[in-house]
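A single chain, nothing else alongside it, follows as structure tokens in the form predicted alone.
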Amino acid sequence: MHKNIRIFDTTLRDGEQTPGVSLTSHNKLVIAHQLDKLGVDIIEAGFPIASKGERESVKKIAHAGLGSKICGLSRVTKSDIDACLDCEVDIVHTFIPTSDIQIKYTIKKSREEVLQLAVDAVEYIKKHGVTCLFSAMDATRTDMDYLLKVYQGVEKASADIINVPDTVGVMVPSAMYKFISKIHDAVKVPIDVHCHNDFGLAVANTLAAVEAGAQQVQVTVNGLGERAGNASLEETVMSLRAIYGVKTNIKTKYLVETSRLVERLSGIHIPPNTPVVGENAFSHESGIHTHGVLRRAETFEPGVMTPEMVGHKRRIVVGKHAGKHAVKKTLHEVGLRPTDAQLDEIMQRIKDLGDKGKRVTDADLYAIAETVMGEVAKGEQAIVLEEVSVMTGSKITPNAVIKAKVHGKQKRGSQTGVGPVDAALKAVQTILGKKAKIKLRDFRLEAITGGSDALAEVTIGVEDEKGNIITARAAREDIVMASVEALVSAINRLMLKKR
């Protein structure tokens, strides 16, 4: 194994090929700057020949003055390569299919023609003095003797690095190790790997390739990519660092920040149980787990990977599996100090809610505790809602006006949005002002009853600048009002916790 592994990020190229994802030129540039901040060695900015807009995006990123090397993708044709050269990228990544099934049905060439095209492309790139990365597409389904002949041919043509793609994600780690080992013994240039996640093995196969001598790995933020995606940058990097003790140039404290940026711009939501960056990655509910973690984090966390290392925050979640220690600590944080008998009653009510299939939000917990203790949490509410007005229609831009008292002062906020709920939530955030630094983290809507007058339950999560997250919910026939009430409740609880 190499002690230092280079990180090649293809979020802007393969990641954008995720079904339903289409990034604007501006968003691509924003992500490129974030990847540079993260410490990615190489950014594959796109496929310049694909469209005029794609070429302009790649060129902008190449000229953005980033510390990361910028790469452009091309087929083994001069027009594709020229498009990359025109963008003035640092690296041209050229590829051609090598498996028999791809040769027969995709490009309809002979093996000899494929080899010659590969060599000619590499020579043409090197003739222009640019770093060349060569990929044998569908390498893992290619006859090994022929694959080695292709790799040795492009090595002789002065390719700087060769990529081994598991294009359809059919490898298992043990086979990947043997596969890369054979290639490693046959060529002297560095080896790069690109693994797809069709069977959920992309990260495992990438790590097996590193064990076998691969020096560079291709990954995407949040595992985006064709079909089931690619090897996740976050999981790969943290596995290399925390488990293998291998160095990369990634500043891991920006992993969650990067993940959430890409989540927002791509529109692909991160499931809460996603490793490293998911909302639940460092969250604990079980009584045994929370008790252990509150005493010493390593009891039920890896230890070699802490939430602080990746820019995350540990959360103790209240639910029917929660233990007294977790509930007591959560209540103490907002100034509620129940007696042992009161705590037992609070615990019972939480478990009763959980047994009914209900998610217990932070606001639920505080409301239960206040009821049992016969008191209201000290301190005035930050926001007292007075009036909500919404205008929407087929030819009208949805607009919402909110009137409320904020810290005792009359406030009025007006905002437009993509819909009435969006407009109303933005209006609430407007009346708080920029200093509040509270952002909407989560929004979930569920119809409790049937029919056109169905009772809708809205659950909302808000987060402050320190990463504190509070959840609250509200149920009404009016979705807009339920959304606003849940948001106001969550903000009030967050402000109370901060005090």
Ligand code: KIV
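Residue indices: 1-based, along the sequence shown. Here the structure is a predicted model, which is why all the values come from computation and not from measurement.
The next section is about a form of this same protein that is not shown, the form predicted together with the named molecule.
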Position in contact with the named molecule when the complex is considered in the model of the complex, options Thr167, Asn222, Thr361, Asn205, heavy atoms within 4.5 Å: Thr167
Listed residue that, although the named molecule is not shown, lies within 4.5 Å of it in the model of the complex (heavy atoms), from Ser259, Asn197, Asn163, Thr140: Asn163
Candidate stretches 342-350, 404-412, 385-393, 91-99, one within 4.5 Å of the named molecule in the model of the complex by heavy atom: 91-99
Contact flag, Leu73 vs the named molecule in the model of the complex, heavy atom cut 4.5 Å: yes
Heavy atom of Ser232 within 4.5 Å of the named molecule in the model of the complex: no
Partner contact for Ser135 in the model of the complex: the named molecule, 4.5 angstroms, heavy atom: yes
In the model of the complex, Asp14 touching the named molecule (heavy atom, 4.5 Å): yes
